[in-house]
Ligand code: 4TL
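Only one chain is included here, represented as C-alpha coordinates and corresponding to the form predicted on its own.
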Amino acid sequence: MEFRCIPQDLASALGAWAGDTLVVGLFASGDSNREDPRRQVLTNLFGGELLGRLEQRQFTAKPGESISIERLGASPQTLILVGLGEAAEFDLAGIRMASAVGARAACAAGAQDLGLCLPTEGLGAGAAARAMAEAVRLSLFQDQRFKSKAEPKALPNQVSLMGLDSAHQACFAAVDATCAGVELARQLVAAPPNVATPQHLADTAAQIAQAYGLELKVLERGDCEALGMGAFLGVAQGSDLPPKFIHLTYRPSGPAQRKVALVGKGLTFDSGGYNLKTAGSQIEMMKYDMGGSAAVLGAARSIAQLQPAGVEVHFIVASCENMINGSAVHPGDIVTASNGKTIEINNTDAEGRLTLADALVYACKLEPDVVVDLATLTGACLIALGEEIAGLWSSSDGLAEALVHAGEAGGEALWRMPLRPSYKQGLKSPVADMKNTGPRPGGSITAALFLQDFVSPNLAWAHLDIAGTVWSDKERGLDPAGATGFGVRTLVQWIEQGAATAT
(Lines give C-alpha, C1' and ligand atoms only; values in the text may rest on other atoms or scores of the structure.)
Protein backbone atom coordinates (compact mmCIF):
# COMPACT_ATOMS: atom_id res chain seq x y z
CA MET A 1 0.00 0.00 0.00
CA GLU A 2 1.56 3.28 -1.15
CA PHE A 3 0.77 6.63 0.46
CA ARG A 4 1.14 10.04 -1.13
CA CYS A 5 0.18 13.64 -0.30
CA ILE A 6 -1.80 15.91 -2.64
CA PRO A 7 -1.32 19.55 -1.60
CA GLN A 8 -4.22 21.33 -3.32
CA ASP A 9 -7.10 22.82 -1.38
CA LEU A 10 -10.30 20.82 -1.00
CA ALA A 11 -12.10 21.99 -4.13
CA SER A 12 -9.12 21.75 -6.50
CA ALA A 13 -7.90 18.47 -5.05
CA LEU A 14 -11.27 16.80 -5.40
CA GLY A 15 -11.89 18.28 -8.80
CA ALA A 16 -8.58 17.06 -10.21
CA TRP A 17 -8.48 13.65 -8.55
CA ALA A 18 -9.57 10.64 -10.60
CA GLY A 19 -9.25 7.62 -8.29
CA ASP A 20 -12.06 5.09 -7.96
CA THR A 21 -12.98 5.77 -4.30
CA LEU A 22 -13.15 8.99 -2.35
CA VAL A 23 -13.58 9.40 1.43
CA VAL A 24 -14.64 12.84 2.68
CA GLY A 25 -15.11 13.84 6.30
CA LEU A 26 -17.99 16.10 7.33
CA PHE A 27 -18.57 17.95 10.57
CA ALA A 28 -21.82 17.87 12.50
CA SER A 29 -23.25 21.09 13.90
CA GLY A 30 -26.76 20.46 15.14
CA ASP A 31 -29.49 22.00 12.99
CA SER A 32 -26.99 23.98 10.90
CA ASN A 33 -25.27 21.07 9.16
CA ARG A 34 -25.53 22.81 5.82
CA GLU A 35 -23.17 25.53 7.04
CA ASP A 36 -20.19 23.19 6.81
CA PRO A 37 -18.26 24.61 3.81
CA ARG A 38 -17.11 21.12 2.91
CA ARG A 39 -20.73 20.23 2.17
CA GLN A 40 -20.95 23.12 -0.26
CA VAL A 41 -17.80 21.97 -2.04
CA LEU A 42 -19.27 18.48 -2.39
CA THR A 43 -22.52 19.93 -3.65
CA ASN A 44 -20.67 21.94 -6.30
CA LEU A 45 -18.72 18.90 -7.43
CA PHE A 46 -21.34 16.18 -7.24
CA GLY A 47 -24.62 17.99 -7.64
CA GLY A 48 -27.38 19.36 -5.44
CA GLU A 49 -28.97 15.98 -4.92
CA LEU A 50 -26.17 15.04 -2.53
CA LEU A 51 -27.54 16.95 0.46
CA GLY A 52 -30.95 15.44 -0.11
CA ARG A 53 -29.37 11.98 -0.16
CA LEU A 54 -27.74 12.69 3.21
CA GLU A 55 -31.05 13.71 4.70
CA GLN A 56 -32.74 10.66 3.24
CA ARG A 57 -30.09 8.37 4.75
CA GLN A 58 -30.32 10.26 8.08
CA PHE A 59 -26.61 11.01 8.06
CA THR A 60 -25.83 13.27 11.04
CA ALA A 61 -22.02 13.16 10.79
CA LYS A 62 -21.48 11.85 14.29
CA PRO A 63 -18.06 10.22 14.92
CA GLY A 64 -17.82 6.72 13.50
CA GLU A 65 -20.79 7.18 11.14
CA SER A 66 -20.40 6.61 7.41
CA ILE A 67 -22.41 6.17 4.24
CA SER A 68 -21.31 4.92 0.83
CA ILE A 69 -22.80 6.27 -2.39
CA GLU A 70 -22.19 4.40 -5.64
CA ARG A 71 -21.93 6.57 -8.77
CA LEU A 72 -22.12 4.25 -11.79
CA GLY A 73 -20.29 5.56 -14.83
CA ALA A 74 -18.81 8.48 -12.88
CA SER A 75 -15.46 9.24 -11.27
CA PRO A 76 -14.95 8.60 -8.44
CA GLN A 77 -17.32 5.68 -8.68
CA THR A 78 -17.68 5.40 -4.89
CA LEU A 79 -18.15 8.37 -2.58
CA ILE A 80 -17.85 7.62 1.14
CA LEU A 81 -18.82 10.24 3.69
CA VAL A 82 -17.62 9.83 7.28
CA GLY A 83 -18.77 11.75 10.33
CA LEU A 84 -16.31 13.90 12.24
CA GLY A 85 -18.55 15.09 15.06
CA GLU A 86 -18.41 18.68 16.28
CA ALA A 87 -15.63 20.78 14.79
CA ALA A 88 -14.63 22.15 18.20
CA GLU A 89 -13.97 18.63 19.48
CA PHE A 90 -12.09 17.30 16.45
CA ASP A 91 -8.51 16.23 17.21
CA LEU A 92 -5.90 13.63 16.22
CA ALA A 93 -8.00 10.90 17.80
CA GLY A 94 -10.90 12.04 15.63
CA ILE A 95 -8.83 11.99 12.46
CA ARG A 96 -7.63 8.47 13.27
CA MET A 97 -11.20 7.29 13.82
CA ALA A 98 -12.42 8.89 10.58
CA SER A 99 -9.49 7.46 8.61
CA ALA A 100 -10.11 3.96 9.95
CA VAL A 101 -13.86 4.10 9.32
CA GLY A 102 -13.33 5.43 5.81
CA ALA A 103 -10.63 2.90 4.99
CA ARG A 104 -12.77 -0.05 6.07
CA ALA A 105 -15.72 1.19 4.04
CA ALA A 106 -13.46 1.75 1.04
CA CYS A 107 -11.97 -1.73 1.35
CA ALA A 108 -15.48 -3.21 1.47
CA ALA A 109 -16.25 -1.31 -1.75
CA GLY A 110 -13.20 -2.80 -3.45
CA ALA A 111 -11.18 0.43 -3.62
CA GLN A 112 -7.89 0.29 -5.48
CA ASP A 113 -7.05 4.00 -5.69
CA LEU A 114 -8.34 5.64 -2.52
CA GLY A 115 -8.52 9.36 -1.82
CA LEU A 116 -8.82 10.52 1.80
CA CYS A 117 -9.98 14.09 2.35
CA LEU A 118 -10.11 15.08 6.02
CA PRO A 119 -9.58 18.45 7.70
CA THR A 120 -6.13 18.91 9.25
CA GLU A 121 -6.32 22.55 10.28
CA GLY A 122 -5.03 23.09 13.79
CA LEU A 123 -3.81 19.51 14.16
CA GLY A 124 -0.33 19.91 12.72
CA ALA A 125 -0.12 18.71 9.15
CA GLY A 126 2.78 16.32 9.78
CA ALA A 127 1.13 14.71 12.78
CA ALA A 128 -2.16 14.48 10.90
CA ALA A 129 -0.54 12.84 7.87
CA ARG A 130 1.13 10.22 10.05
CA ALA A 131 -2.05 9.60 12.05
CA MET A 132 -4.12 9.15 8.88
CA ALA A 133 -1.65 6.79 7.22
CA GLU A 134 -1.20 4.67 10.37
CA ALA A 135 -4.96 4.46 10.85
CA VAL A 136 -5.55 3.32 7.28
CA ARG A 137 -2.88 0.63 7.36
CA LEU A 138 -3.62 -0.70 10.84
CA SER A 139 -7.39 -0.69 10.41
CA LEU A 140 -7.03 -2.90 7.32
CA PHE A 141 -4.68 -5.39 8.99
CA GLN A 142 -5.69 -9.01 8.47
CA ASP A 143 -4.34 -12.13 10.17
CA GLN A 144 -5.58 -15.35 8.60
CA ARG A 145 -2.49 -17.49 9.25
CA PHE A 146 -4.41 -20.21 11.05
CA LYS A 147 -7.39 -20.60 8.72
CA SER A 148 -7.37 -23.55 6.34
CA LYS A 149 -8.83 -21.38 3.59
CA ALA A 150 -7.74 -17.82 4.03
CA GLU A 151 -9.89 -15.18 2.34
CA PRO A 152 -7.87 -11.99 2.52
CA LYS A 153 -9.54 -8.83 1.27
CA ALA A 154 -7.92 -6.85 -1.51
CA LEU A 155 -6.33 -3.68 -0.13
CA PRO A 156 -5.98 -0.37 -1.97
CA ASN A 157 -2.82 -0.09 -4.03
CA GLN A 158 -2.57 3.65 -3.44
CA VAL A 159 -3.90 6.03 -0.79
CA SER A 160 -3.84 9.77 -1.47
CA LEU A 161 -4.03 12.16 1.50
CA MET A 162 -5.60 15.33 0.13
CA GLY A 163 -4.82 18.84 1.23
CA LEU A 164 -1.39 17.92 2.58
CA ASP A 165 1.87 19.32 1.27
CA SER A 166 4.24 16.85 -0.36
CA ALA A 167 6.87 17.82 2.23
CA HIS A 168 5.03 15.53 4.63
CA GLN A 169 5.71 12.56 2.36
CA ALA A 170 8.79 11.86 4.47
CA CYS A 171 6.67 10.75 7.44
CA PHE A 172 5.54 7.62 5.61
CA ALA A 173 8.88 5.89 6.28
CA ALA A 174 8.15 6.19 10.01
CA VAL A 175 4.59 5.00 9.36
CA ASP A 176 5.89 1.86 7.68
CA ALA A 177 8.31 1.08 10.52
CA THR A 178 5.78 1.76 13.27
CA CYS A 179 3.00 -0.24 11.64
CA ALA A 180 5.35 -3.15 10.99
CA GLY A 181 6.07 -3.25 14.72
CA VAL A 182 2.40 -3.08 15.64
CA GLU A 183 1.57 -5.83 13.17
CA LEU A 184 4.31 -8.05 14.59
CA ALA A 185 2.96 -7.51 18.10
CA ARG A 186 -0.55 -8.36 16.93
CA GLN A 187 0.65 -11.57 15.30
CA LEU A 188 2.55 -12.62 18.43
CA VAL A 189 -0.42 -12.00 20.73
CA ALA A 190 -2.93 -13.63 18.37
CA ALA A 191 -0.88 -16.78 17.85
CA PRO A 192 -2.03 -19.79 19.91
CA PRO A 193 0.15 -20.89 22.83
CA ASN A 194 1.26 -24.03 21.02
CA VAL A 195 2.85 -21.71 18.44
CA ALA A 196 3.90 -18.63 20.41
CA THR A 197 6.10 -20.47 22.89
CA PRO A 198 9.11 -19.02 24.75
CA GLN A 199 11.29 -20.46 21.98
CA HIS A 200 9.14 -18.68 19.39
CA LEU A 201 9.68 -15.34 21.12
CA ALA A 202 13.42 -16.00 21.17
CA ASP A 203 13.32 -16.93 17.46
CA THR A 204 11.42 -13.70 16.71
CA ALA A 205 14.10 -11.70 18.50
CA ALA A 206 16.74 -13.56 16.51
CA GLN A 207 15.01 -12.68 13.24
CA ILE A 208 14.95 -8.99 14.17
CA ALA A 209 18.61 -9.12 15.20
CA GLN A 210 19.66 -10.81 11.98
CA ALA A 211 17.61 -8.52 9.72
CA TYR A 212 18.78 -5.25 11.29
CA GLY A 213 22.14 -5.99 12.88
CA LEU A 214 21.04 -5.88 16.51
CA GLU A 215 22.80 -7.74 19.32
CA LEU A 216 21.02 -10.73 20.88
CA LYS A 217 21.66 -12.72 24.03
CA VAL A 218 19.31 -15.54 25.06
CA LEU A 219 19.87 -16.88 28.58
CA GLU A 220 18.91 -20.51 29.11
CA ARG A 221 17.70 -22.02 32.38
CA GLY A 222 21.25 -22.68 33.60
CA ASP A 223 22.29 -19.11 32.84
CA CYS A 224 19.32 -17.79 34.82
CA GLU A 225 20.15 -20.10 37.72
CA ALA A 226 23.69 -18.72 37.77
CA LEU A 227 22.25 -15.21 38.06
CA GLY A 228 19.99 -16.25 40.94
CA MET A 229 16.70 -15.64 39.11
CA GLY A 230 14.64 -17.69 41.53
CA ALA A 231 11.43 -15.73 41.01
CA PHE A 232 11.41 -16.17 37.21
CA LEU A 233 12.49 -19.80 37.38
CA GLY A 234 9.92 -20.54 40.09
CA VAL A 235 7.16 -19.67 37.63
CA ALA A 236 8.83 -21.60 34.80
CA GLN A 237 9.36 -24.86 36.72
CA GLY A 238 5.82 -26.15 36.14
CA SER A 239 6.16 -26.24 32.35
CA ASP A 240 7.75 -28.82 30.09
CA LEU A 241 8.91 -25.97 27.83
CA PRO A 242 12.25 -24.42 28.78
CA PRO A 243 12.23 -20.73 29.73
CA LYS A 244 14.01 -18.16 27.59
CA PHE A 245 15.43 -14.90 28.92
CA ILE A 246 15.76 -12.62 25.89
CA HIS A 247 18.02 -9.55 25.71
CA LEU A 248 17.99 -7.71 22.38
CA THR A 249 20.06 -4.52 22.00
CA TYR A 250 19.88 -1.64 19.53
CA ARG A 251 22.93 0.62 19.39
CA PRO A 252 22.94 3.81 17.26
CA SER A 253 25.58 4.33 14.59
CA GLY A 254 26.93 7.35 16.47
CA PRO A 255 27.42 8.04 20.18
CA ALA A 256 24.54 7.32 22.54
CA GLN A 257 23.58 10.09 24.94
CA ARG A 258 20.93 7.97 26.62
CA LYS A 259 20.41 4.32 27.50
CA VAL A 260 16.86 2.96 27.75
CA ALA A 261 15.65 -0.46 28.91
CA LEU A 262 12.23 -1.77 27.86
CA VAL A 263 10.98 -4.83 29.74
CA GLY A 264 8.00 -6.92 28.63
CA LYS A 265 6.08 -9.61 30.50
CA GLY A 266 6.41 -12.81 28.49
CA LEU A 267 3.98 -15.43 29.86
CA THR A 268 3.13 -17.32 26.68
CA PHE A 269 0.35 -19.12 28.55
CA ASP A 270 -0.98 -18.57 32.05
CA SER A 271 -3.03 -21.40 33.53
CA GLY A 272 -2.93 -19.72 36.94
CA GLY A 273 -0.83 -22.57 38.32
CA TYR A 274 -2.31 -24.26 41.39
CA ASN A 275 -4.52 -21.19 41.78
CA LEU A 276 -6.03 -22.49 38.56
CA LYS A 277 -8.13 -20.11 36.52
CA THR A 278 -11.73 -21.28 36.60
CA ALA A 279 -14.65 -21.10 34.19
CA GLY A 280 -15.40 -17.51 33.30
CA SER A 281 -11.83 -16.41 33.97
CA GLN A 282 -10.96 -16.46 30.24
CA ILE A 283 -8.34 -19.17 30.67
CA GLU A 284 -8.67 -19.89 26.95
CA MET A 285 -7.47 -16.34 26.24
CA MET A 286 -4.35 -16.52 28.39
CA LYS A 287 -2.25 -16.67 25.26
CA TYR A 288 -2.34 -12.87 25.40
CA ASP A 289 -0.52 -12.79 28.74
CA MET A 290 2.64 -12.13 26.74
CA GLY A 291 1.22 -8.87 25.36
CA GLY A 292 3.92 -6.85 27.13
CA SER A 293 6.69 -8.86 25.48
CA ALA A 294 4.90 -8.57 22.13
CA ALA A 295 4.87 -4.78 22.50
CA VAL A 296 8.56 -4.74 23.40
CA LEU A 297 9.53 -6.98 20.47
CA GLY A 298 7.25 -4.99 18.16
CA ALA A 299 8.96 -1.79 19.31
CA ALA A 300 12.32 -3.46 18.68
CA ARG A 301 11.23 -4.22 15.12
CA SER A 302 10.21 -0.58 14.61
CA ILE A 303 13.25 0.98 16.28
CA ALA A 304 15.60 -1.30 14.35
CA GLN A 305 14.13 -0.02 11.08
CA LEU A 306 13.97 3.64 12.14
CA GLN A 307 17.56 3.69 13.47
CA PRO A 308 17.10 6.68 15.83
CA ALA A 309 20.27 8.56 16.74
CA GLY A 310 21.63 9.17 20.20
CA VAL A 311 19.78 6.46 22.12
CA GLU A 312 20.75 2.89 23.02
CA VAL A 313 17.76 0.62 23.65
CA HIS A 314 17.72 -2.71 25.47
CA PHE A 315 14.68 -4.95 24.91
CA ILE A 316 14.27 -7.52 27.70
CA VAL A 317 11.80 -10.41 28.01
CA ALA A 318 11.74 -13.17 30.64
CA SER A 319 9.56 -15.71 28.84
CA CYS A 320 8.01 -18.91 30.15
CA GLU A 321 4.68 -20.66 30.75
CA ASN A 322 2.77 -20.83 34.04
CA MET A 323 1.65 -24.46 34.12
CA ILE A 324 0.93 -27.28 36.57
CA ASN A 325 2.92 -30.48 37.05
CA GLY A 326 4.58 -32.29 39.92
CA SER A 327 7.38 -29.72 39.94
CA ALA A 328 5.21 -26.61 39.81
CA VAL A 329 5.50 -23.95 42.47
CA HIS A 330 3.04 -24.34 45.37
CA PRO A 331 0.98 -21.63 47.03
CA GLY A 332 3.02 -20.85 50.13
CA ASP A 333 6.42 -21.49 48.54
CA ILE A 334 9.17 -18.94 49.09
CA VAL A 335 11.44 -17.98 46.20
CA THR A 336 14.47 -15.71 46.13
CA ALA A 337 14.82 -13.10 43.38
CA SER A 338 18.16 -12.13 41.87
CA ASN A 339 18.47 -9.09 44.12
CA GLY A 340 18.26 -11.32 47.19
CA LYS A 341 14.68 -10.47 48.18
CA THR A 342 12.56 -13.39 49.35
CA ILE A 343 8.96 -13.67 48.16
CA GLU A 344 6.17 -15.74 49.67
CA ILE A 345 3.93 -16.93 46.85
CA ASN A 346 0.43 -16.63 48.23
CA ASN A 347 -1.11 -16.79 44.76
CA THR A 348 0.44 -18.70 41.86
CA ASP A 349 -1.80 -16.74 39.47
CA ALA A 350 0.16 -13.56 40.27
CA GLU A 351 3.10 -14.94 38.35
CA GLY A 352 3.85 -12.12 35.93
CA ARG A 353 5.25 -9.86 38.61
CA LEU A 354 7.62 -12.66 39.66
CA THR A 355 9.08 -12.95 36.16
CA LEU A 356 9.28 -9.17 35.90
CA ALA A 357 11.07 -8.93 39.24
CA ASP A 358 14.15 -10.70 37.90
CA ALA A 359 13.86 -8.99 34.53
CA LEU A 360 13.83 -5.56 36.22
CA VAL A 361 16.85 -6.42 38.37
CA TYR A 362 18.68 -7.53 35.21
CA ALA A 363 17.69 -4.33 33.39
CA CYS A 364 18.87 -2.13 36.24
CA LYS A 365 22.28 -3.83 36.24
CA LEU A 366 22.75 -2.49 32.70
CA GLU A 367 22.81 0.99 34.31
CA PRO A 368 20.25 2.58 32.00
CA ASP A 369 18.96 6.12 32.39
CA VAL A 370 15.36 4.92 32.38
CA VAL A 371 13.41 1.65 32.57
CA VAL A 372 9.88 1.09 31.26
CA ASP A 373 8.03 -2.19 31.71
CA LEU A 374 4.82 -3.31 30.02
CA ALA A 375 2.64 -6.13 31.28
CA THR A 376 -0.84 -7.61 31.17
CA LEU A 377 -0.50 -7.58 34.93
CA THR A 378 -3.84 -7.21 36.71
CA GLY A 379 -7.55 -7.63 36.16
CA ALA A 380 -7.87 -4.79 38.64
CA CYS A 381 -6.51 -2.34 36.05
CA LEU A 382 -9.10 -3.53 33.54
CA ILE A 383 -11.84 -2.91 36.10
CA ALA A 384 -10.45 0.54 36.92
CA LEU A 385 -9.77 1.87 33.42
CA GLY A 386 -11.67 -0.36 31.01
CA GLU A 387 -10.49 -1.62 27.64
CA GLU A 388 -9.26 1.60 26.00
CA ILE A 389 -6.90 3.06 28.62
CA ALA A 390 -3.72 1.54 30.07
CA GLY A 391 -2.59 2.27 33.59
CA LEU A 392 0.70 4.10 34.13
CA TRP A 393 2.70 4.14 37.35
CA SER A 394 6.00 5.99 37.56
CA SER A 395 8.60 7.19 40.02
CA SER A 396 9.32 10.18 37.74
CA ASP A 397 6.92 13.01 36.91
CA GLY A 398 8.91 13.87 33.78
CA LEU A 399 8.89 10.30 32.51
CA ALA A 400 5.18 9.88 33.21
CA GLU A 401 4.35 13.09 31.35
CA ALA A 402 6.55 12.12 28.41
CA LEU A 403 4.91 8.72 28.08
CA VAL A 404 1.40 10.18 28.28
CA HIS A 405 2.28 12.66 25.52
CA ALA A 406 3.86 9.89 23.42
CA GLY A 407 0.70 7.83 23.85
CA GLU A 408 -1.43 10.76 22.69
CA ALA A 409 0.80 11.22 19.64
CA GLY A 410 0.56 7.52 18.84
CA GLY A 411 -3.15 7.19 19.52
CA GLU A 412 -2.82 5.11 22.70
CA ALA A 413 -4.40 6.34 25.94
CA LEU A 414 -2.51 6.16 29.25
CA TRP A 415 -3.73 7.28 32.65
CA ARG A 416 -1.32 7.90 35.50
CA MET A 417 -2.15 6.00 38.68
CA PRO A 418 -0.76 6.53 42.21
CA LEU A 419 2.17 4.74 43.82
CA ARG A 420 0.79 5.17 47.33
CA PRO A 421 3.47 4.02 49.81
CA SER A 422 1.00 3.08 52.56
CA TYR A 423 -0.55 0.43 50.30
CA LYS A 424 2.73 -1.47 50.47
CA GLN A 425 1.70 -2.70 53.92
CA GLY A 426 -0.55 -5.16 52.11
CA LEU A 427 2.52 -6.93 50.68
CA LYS A 428 4.07 -7.72 54.06
CA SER A 429 4.74 -11.40 54.78
CA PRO A 430 5.30 -12.96 58.20
CA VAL A 431 7.79 -15.45 56.77
CA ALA A 432 9.53 -13.66 53.88
CA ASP A 433 10.50 -10.17 52.79
CA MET A 434 7.19 -9.77 50.95
CA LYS A 435 4.20 -11.55 49.44
CA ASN A 436 3.48 -11.53 45.74
CA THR A 437 -0.07 -10.21 46.19
CA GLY A 438 -1.80 -7.82 48.56
CA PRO A 439 -5.48 -7.35 49.41
CA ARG A 440 -8.04 -7.16 46.62
CA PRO A 441 -8.72 -3.39 46.90
CA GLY A 442 -6.14 -1.41 44.93
CA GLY A 443 -4.74 -4.58 43.38
CA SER A 444 -3.16 -2.83 40.40
CA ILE A 445 -1.45 -0.35 42.74
CA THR A 446 0.04 -3.01 45.02
CA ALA A 447 1.23 -4.87 41.91
CA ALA A 448 3.09 -1.76 40.77
CA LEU A 449 4.51 -1.27 44.27
CA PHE A 450 5.74 -4.88 44.19
CA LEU A 451 7.61 -4.20 40.94
CA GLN A 452 9.13 -1.00 42.29
CA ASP A 453 10.99 -3.05 44.93
CA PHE A 454 13.08 -4.54 42.10
CA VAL A 455 14.06 -1.23 40.52
CA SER A 456 17.19 0.60 41.61
CA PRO A 457 16.44 3.58 43.88
CA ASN A 458 16.49 6.97 42.13
CA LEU A 459 16.29 5.35 38.68
CA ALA A 460 13.51 6.75 36.48
CA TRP A 461 11.04 3.91 36.01
CA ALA A 462 7.53 3.48 34.64
CA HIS A 463 5.16 0.55 34.63
CA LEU A 464 2.36 0.18 32.05
CA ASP A 465 -0.45 -2.24 32.87
CA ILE A 466 -1.98 -3.11 29.49
CA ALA A 467 -4.29 -5.89 30.68
CA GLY A 468 -7.39 -4.17 29.33
CA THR A 469 -5.96 -2.80 26.10
CA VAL A 470 -4.02 -5.72 24.63
CA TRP A 471 -7.10 -7.45 23.19
CA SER A 472 -10.46 -6.29 21.87
CA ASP A 473 -13.50 -8.48 21.37
CA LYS A 474 -14.79 -6.11 18.70
CA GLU A 475 -13.51 -3.68 16.11
CA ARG A 476 -12.41 -0.54 17.95
CA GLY A 477 -11.06 2.57 16.24
CA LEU A 478 -8.10 1.52 14.13
CA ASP A 479 -7.82 -1.83 15.95
CA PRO A 480 -9.49 -4.90 14.46
CA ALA A 481 -11.20 -7.42 16.69
CA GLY A 482 -8.49 -9.42 18.43
CA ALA A 483 -4.92 -8.45 19.26
CA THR A 484 -4.31 -4.68 19.24
CA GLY A 485 -0.52 -4.41 19.45
CA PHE A 486 -1.01 -1.82 22.20
CA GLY A 487 2.15 -0.17 23.47
CA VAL A 488 4.26 -0.23 20.32
CA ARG A 489 3.18 3.20 19.07
CA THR A 490 3.72 4.79 22.48
CA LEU A 491 7.22 3.36 22.82
CA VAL A 492 8.21 4.28 19.27
CA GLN A 493 6.91 7.84 19.60
CA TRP A 494 8.64 8.24 22.96
CA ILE A 495 12.02 7.07 21.69
CA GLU A 496 11.79 8.52 18.19
CA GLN A 497 10.88 12.03 19.34
CA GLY A 498 13.58 12.17 21.98
CA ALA A 499 11.17 11.99 24.92
CA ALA A 500 13.44 9.35 26.42
CA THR A 501 15.46 12.30 27.73
CA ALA A 502 12.59 13.40 29.98
CA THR A 503 12.98 11.75 33.38
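Just so it is clear, the model here is predicted, and its values are computed rather than measured. From 1 onward, residues are counted along the sequence shown.
Keep in mind that the form predicted together with this ligand is missing from the display, and what follows is about it.
Remark: all three candidate residues (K265, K277 and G352) come within 4.5 Å of this ligand in the predicted bound form, counting heavy atoms only. With the partner left out here, this ligand still marks one of 408-416, 378-386, 110-118, 299-307 in the predicted bound form; by a 4.5 Å heavy atom cut-off that stretch is 378-386. Contact annotation: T437 falls within 4.5 Å of this ligand in the predicted bound form, judged by heavy atom distances. Of the heavy atoms in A467, some are within 4.5 Å of this ligand in the predicted bound form. None of the heavy atoms of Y250 is located within 4.5 Å of this ligand in the predicted bound form. Although the partner is absent here, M285 is a contact residue: one of its heavy atoms lies within 4.5 angstroms of this ligand in the predicted bound form.
Checking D373, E134, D289, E321 against this ligand in the predicted bound form, a heavy atom within 4.5 Å turns up for just one residue: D289. Only one of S281, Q169, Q144, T336 comes within 4.5 Å of this ligand in the predicted bound form through a heavy atom, and that residue is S281. Contacts of stretch 320-347 with this ligand in the predicted bound form, defined by any heavy atom lying within 4.5 Å, are made by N347 alone.
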